[in-house]
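As a starting point, one isolated chain is supplied in structure tokens, in the form predicted alone.
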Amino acid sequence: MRNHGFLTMDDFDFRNKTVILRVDFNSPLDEAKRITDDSRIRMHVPTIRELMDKGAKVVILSHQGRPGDPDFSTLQEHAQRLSQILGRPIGYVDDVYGERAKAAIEHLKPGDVLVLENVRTIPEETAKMKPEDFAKTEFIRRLASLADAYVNDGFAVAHRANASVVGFPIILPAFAGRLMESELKALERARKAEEKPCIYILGGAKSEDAAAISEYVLSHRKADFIITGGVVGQLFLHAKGFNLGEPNRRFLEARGFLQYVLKIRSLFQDFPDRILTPEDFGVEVFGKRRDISLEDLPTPFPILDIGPRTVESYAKVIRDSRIIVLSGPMGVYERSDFMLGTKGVFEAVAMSKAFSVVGGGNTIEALEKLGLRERVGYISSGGGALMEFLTGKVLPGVEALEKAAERWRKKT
């Protein structure tokens, strides 16, 4: 079966073949670096199970965090979680392409699964290279020499031109996994946005892409409204001219978000009634929540959530929507006293009749906490990849699969 110009798992006989499978097991971790939500792992289970059932020898590559970040860790617990989910032993080796990894791969039997070490422990993974140059690295060449095929099931990393994403398809027959395939099918509906109104709900703490996403979907008439919350909402309010208070301004400055203020101001000028910002907030006062309104700004206390009036206002817009793209919680949902905004907005999305697309690790974790996972239209494994796809960008991982398909068809 061909789809979007690439090959899928229907196009290859995996029996007794060694397969390098790129997934995205990147999961939320607590301070002890224990997985707090294994949704990302579970999303890849259909692909892994199918390869096992077809008699493949499955070699899993994934990452967890970035070097130097608090969530950077080994994949040992990820392998243990996968073993629990599948109900059978899963191998793990604390090596990516050295002798230990080679020996473990060579000892695999049909139906076995091996998880290699966090691929971001090696510098080649995130080096700045062209795909052809990645294919010449020792990392790619050594692993590719031990394999018969490559499957990319990691839509969530398809927007990154990393070695394990774009290097293998140049050397090995390359195929989209079931999650990758289903992601692109479902997200095409949201990208076309033919059903109106279409709204984008942008929250969370990562605000660097919010201005670019808003500009694209509004100027291309993909979205009718942008709803903001979390740090994104604070940044947009700051750009609007509201004084949030010194601790909140310092937070935005420390994260480097103030560089986007001019762009956001131009968006308010071009689309004055299309971008919705919070009307009230939950702030932390000596460890407890207090709700304040816009009129109470500036505040000397950190803003950690949107308030009930904002939830009610946003819910009215959500109820009338036909397509909803949701990325990011509305506040510090990890704390029960600051879950109000996320709970109210996410429940409104779940109760709406719209086709909803939800993405981002924290967004998915919040859905799980609220018991709403089964009540939204489609949960995407991607955060950044989701938004780049919806804003018309070429995803390097998908492009690599398409080019590999062209080479494959010329040979067959």
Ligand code: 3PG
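We number the residues from 1 along the sequence you see. What you are looking at is a predicted structure, and each value in this text was computed from that prediction instead of being measured.
Another form, the form predicted in complex with the named molecule, is not on view; read the next lines as being about it.
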query	finding
Contacting member of Thr363, Asn26, Thr47, Ser352, with respect to the named molecule in the predicted complex [4.5 Å, heavy atom]	Asn26
Contact residue in the predicted complex, from His238, His78, Lys222, Arg160 (heavy atom within 4.5 Å of the named molecule)	Arg160
Location of the named molecule contact in the predicted complex, chosen stretch of 59 to 67, 343 to 351, 368 to 376, 30 to 38 [non-hydrogen atom, 4.5 Å]	59 to 67
Proximity of Ala156 to the named molecule in the predicted complex, heavy atoms at 4.5 Å	yes
In the predicted complex, Gly55 touching the named molecule (heavy atom, 4.5 Å)	no
Contact test in the predicted complex: Lys206 vs the named molecule, heavy atoms, 4.5 Å	yes
Contact flag, Arg322 vs the named molecule in the predicted complex, heavy atom cut 4.5 Å	no
Residues from 372 to 393 in contact with the named molecule (non-hydrogen atom within 4.5 Å) in the predicted complex	Gly383, Gly384
